[in-house]
Each structure stands twice: as C-alpha cells, then as structure tokens.
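A single chain, nothing else alongside it, follows as structure tokens in the form predicted alone.
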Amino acid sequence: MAVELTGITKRFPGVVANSDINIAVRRGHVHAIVGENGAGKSTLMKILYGMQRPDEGTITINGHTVSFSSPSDAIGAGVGMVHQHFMLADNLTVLENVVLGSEPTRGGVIDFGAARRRITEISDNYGLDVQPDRLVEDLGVGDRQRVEILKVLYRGARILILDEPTAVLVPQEVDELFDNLRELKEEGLTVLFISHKLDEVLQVADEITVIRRGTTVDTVDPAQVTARQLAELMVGSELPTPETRESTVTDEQVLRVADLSVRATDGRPLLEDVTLTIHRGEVLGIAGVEGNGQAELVEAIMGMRVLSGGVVHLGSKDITTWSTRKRREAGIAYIPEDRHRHGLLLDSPLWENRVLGHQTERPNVKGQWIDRASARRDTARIVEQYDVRTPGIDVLASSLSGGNQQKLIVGREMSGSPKVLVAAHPTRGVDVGAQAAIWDYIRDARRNGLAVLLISADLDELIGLSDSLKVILRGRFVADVDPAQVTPEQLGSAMTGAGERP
C-alpha cells in the first residue's frame, strides 16, 4: 500500500472532525475520497500533508509509519498536495513558480538551465505540456493546474493529493486532467482525488472511500456503484439536479447593463460593449472560461470597478455612479466568487458576519448603532433556515466547513428581500447536499420574483438553473444560448471559441 491511514481521530473545541478514519490506498491507483462539506475530508488531507497532527491513529507511507510535523516532512516522504485555490505568483514565469523555494544552484547561483531541463523532462514524461518560460498570468485555469501538479512532481512527490481539482475546469480541461492522471498512474504514482462531482469520481477513480460525519462509511469499486448510490452513502438522499422546468420570467426589467466597458490600468480592454437585461423572476447565466471578463462584469455591476464606458440601471434608476454600499442598500445582493476574500471575516463570529455588508440595514441597526441582540437573533434564524451546521453563532467563521460558510453567505444575502442577486460561483467547493440546498434557495427566490445573474464554472448548474444563457469570451458576449437545447459539450466549445456556436 502507498498510504494507510488507521484510526485517525482529530478533535477541535466543540467538534470531532475525524473519528476512527481508516483508508488504504494502493500504489499506482487513483483513490477518490468523497463526502459532504464538514464530513472531515479537508482535515484528513491536512493531516496527511503535515498541516495538522492527529490526536489518535497512525499514518503509514510505503510500509513505514511516519509522523509529520509540517508539509516539508510530507514532501520529504514523497507526499505532495495541489490545493483547490492555486498558489502561484502571476508575475513570475512557470519556471520561477516551480523552483520557488527549491531552487537548484551552482556556485551559489540559481542554475536555471538545470531547472528548465528538469521541468521539461517532467512535463514530457507525464504529458503535462508545460512551457517553462510563459508568465503564469497569461495561462488559463487548466494550464495553471498542470503547473501546480508539475511543482509537486518537481519536488519528488510520488503521492499526490488533488483537492477539488476540477472545480474551475470546463469539460475539455477535465478530460485533459484525467489524461494526465492516467499518465501519472502508468508511471506508478498514486493520486488521492478529493471531489464533490460524483460522475467524475466514477470516471477516474480506481477506488472510492466515502466519509460521512467524520468517519469512513465504505470503500467501493466505482464499477459496482452508481452516482445515486454514492450520493445516498454521502448524504442519505438521492443525487440532486439543478434542473428548473417552470418559467417565472416576467416583462419587468430589473437590471439593465448597456455598452459596459472596463479597461486595465495599462489600457487593455477587460470588458467591451457588454449589454444585458435581467427581468423579474429570471436567472441569466454567464458561461465562460475563467479570466474572460466574468469577474470584471460582476465587479462593475457591484460598483467595485471604474467603468471606461456604459451604464447600469436598477429598475428605472441610473446607478452607474453609485457606490457599492448604495447599490446594496438599493437591493443588489452579492454572493462573491471568493468567500474568504470578499464574503467573510474569518476571524469574527457568525453573528458579526451576518452584519457584514448590511451594517446600515435592519435588523442589524437601531438608529445609528449596531443592534447586537437583533443581529444575533437573525443570525440564529439564518442558521436554522439555511441549515448552517455550527455549534452556535459565536463560533468563528473560519471554523465552519466551506459548504456551511457558503450557506451562511447565501442566507445573509437572501435576507431583506433583494431585487437582484449577483451570484458568482455560488456552489463552488460545496458538497451535493449543500449544493442542492443552494439550488433550492435560488429557485425559490426566483419564483418569488428575484432577478439573478449567475456566474458558474459548473455547466450543468448553468444549464439547469438558467432561463437564458450568454457566453463570454475575451471580455465580449459571443453567443446567446437556449439552456433547454444546449449540451455541456456544446457550451464548453462555445466558451473556448472552438467549433460552431450552439
């Protein structure tokens, strides 16, 4: 066995994250680990990578019992981890990112020639197609991920932990990743694949371990189970779908953006002449490979970007020059792409996070002062209504799992009867249970008249939830798509500019 985790238990104040976890991973296999957010997957992987130490249990690598005090110890034992959120410096080249912290030297000087040869050798051996001298800021998401994989291979890893590796990839990039994983397997490497996407797990894994509420419940052969059965093992219910059948779209225009343009500080166009309209009761989906202007569009609508042209209307009001705060007070709710950077104060309790961004609105204020008692009561309501699994409202936001953090944000933004919801990747990094809950919240709000701008890398989610779809490429809308007719493959082709538009 490449990896054996036996009796792993990890406790935190008020919660047992892992309880008697047992997993055996064969050498040269892709072993998937699935479970709800909060099930204990992330804690377990942090223990295996030396970021945390278990309270009980043993870790065995290639037959040797080990004790890791840091990621450096894990790397020294041949264990590498590719995190869900890439850790690359945009202003450095691929080569510089790969060798950073592990630079080969000759005579006290970095030997870039040796580094380039080693990177090229690894890239060729594993079919990664990485170009050492390209700037990372010029790379797409799939290319960046391959750089991250190469970075851990460069450090000698023979066991790779991939945390939600397909979360931001379009279908073609997922296929390329799976081809890379097959190359890694053929060379004898072992992969631990953490994912919420059950169809992908069934496609790529040799074995699947299911974790529920902190403990292992089963290890199964993917050839012997269906996605529905896996979902039942994970959450005790059948696999949900985002599909929305009945139309609730009205003729009332709620948000209208016309000829919107945004430029970078160096004058490069980031958005060009973007026009869209969202009606009451409508979900407008935006499909695109990340980095093609979606983030700039969201930030422009929220008042976080200076426009170089165009106008933004909320109902009959021109809000183009309004501040972000004024836009939010007028009824624009916002689920940010990065919940840690823009959605939460991780070191603050849940009730303070309920107030965040709504500190001028009831029930959070009384007169000019924060109304702590009302804010706390409303936080308790959100926790119950949106099934935020937490010991209480005074725990820090950082102590919640990703899915529960996301449900807290969704509950906060859905409060106060907003007119528009700008939802950027609302289910990224959450499990099937939390994902289904968030889909239901959006569907219910849409049915009650909410206008929704939906940005997502999950094409099934976009197709299932959207009433209309636009494809964005290099800062421009290049296609209008009927969600009832398009397939994920057709949508992926349109997003990359390949093939005929659907």
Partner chain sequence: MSVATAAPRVDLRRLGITIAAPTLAIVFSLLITALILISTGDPVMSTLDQVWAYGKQPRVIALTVNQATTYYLSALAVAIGFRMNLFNIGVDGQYRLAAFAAAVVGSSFELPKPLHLFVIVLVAMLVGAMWAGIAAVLKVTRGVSEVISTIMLNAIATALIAFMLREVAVEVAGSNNIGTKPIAESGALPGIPLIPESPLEVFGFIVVAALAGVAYTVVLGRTRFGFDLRATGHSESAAVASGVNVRRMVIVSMLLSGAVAGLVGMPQLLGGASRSYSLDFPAGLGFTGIAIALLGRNNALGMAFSALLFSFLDASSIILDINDISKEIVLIMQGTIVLSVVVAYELVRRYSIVAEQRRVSRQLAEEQASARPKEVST
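Keep in mind it's a predicted model, so treat the numbers as computed, not measured. Residue numbers count along the first chain shown, from 1.
Below, we turn to the form predicted together with its partner chain, even though it does not appear here.
Of these, 415 to 423, 199 to 207, 375 to 383, 75 to 83, which stretch puts a heavy atom within 4.5 angstroms of its partner chain in the model of the complex?
Looking at the other structure, the answer is 375 to 383.
The unique member of 247, 224, 398, 316 whose heavy atoms fall within 4.5 Å of its partner chain in the model of the complex:
Result of the distance check: 398.
Among 134, 155, 325, 263, which has any heavy atom within 4.5 Å of its partner chain in the model of the complex?
After the contact test, the surviving option is 325.
With a cut-off of 4.5 Å between heavy atoms, is residue 355 one of the residues that contacts its partner chain in the model of the complex?
Yes - in the model of the complex, heavy atoms of residue 355 and its partner chain come within 4.5 Å of each other.
Wondering, does residue 101 line up within 4.5 Å of its partner chain in the model of the complex on heavy atoms?
Contact with its partner chain, no.
Closest heavy atom of residue 125 to its partner chain in the model of the complex, within 4.5 Å or not?
Taking the distances in the model of the complex, the answer for residue 125 is no, it never comes within 4.5 Å of its partner chain.
Wondering, does residue 341 line up within 4.5 Å of its partner chain in the model of the complex on heavy atoms?
It does: once its partner chain is placed as it appears in the model of the complex, residue 341 has a heavy atom within 4.5 Å of it.
Are there residues in 354 to 374 with a heavy atom within 4.5 Å of its partner chain in the model of the complex, and which are they, in order?
355, 356, 357, 359, 360, 365, 367, 368, 369, 370, 372 sit within 4.5 Å of the partner.
Flagged pair residue 213/residue 439: C-alpha distance shifts by 3 angstroms or more in the model of the complex. Which direction, closer or farther?
Residues converge in the model of the complex, at least 3 Å closer.
Out of closer and farther, which fits the Cα atoms of residue 461 and residue 213 in the model of the complex compared with this form, where the change is 3 Å or more?
It is closer: in the model of the complex, the C-alpha atoms of residue 461 and residue 213 lie at least 3 Å nearer than they do here.
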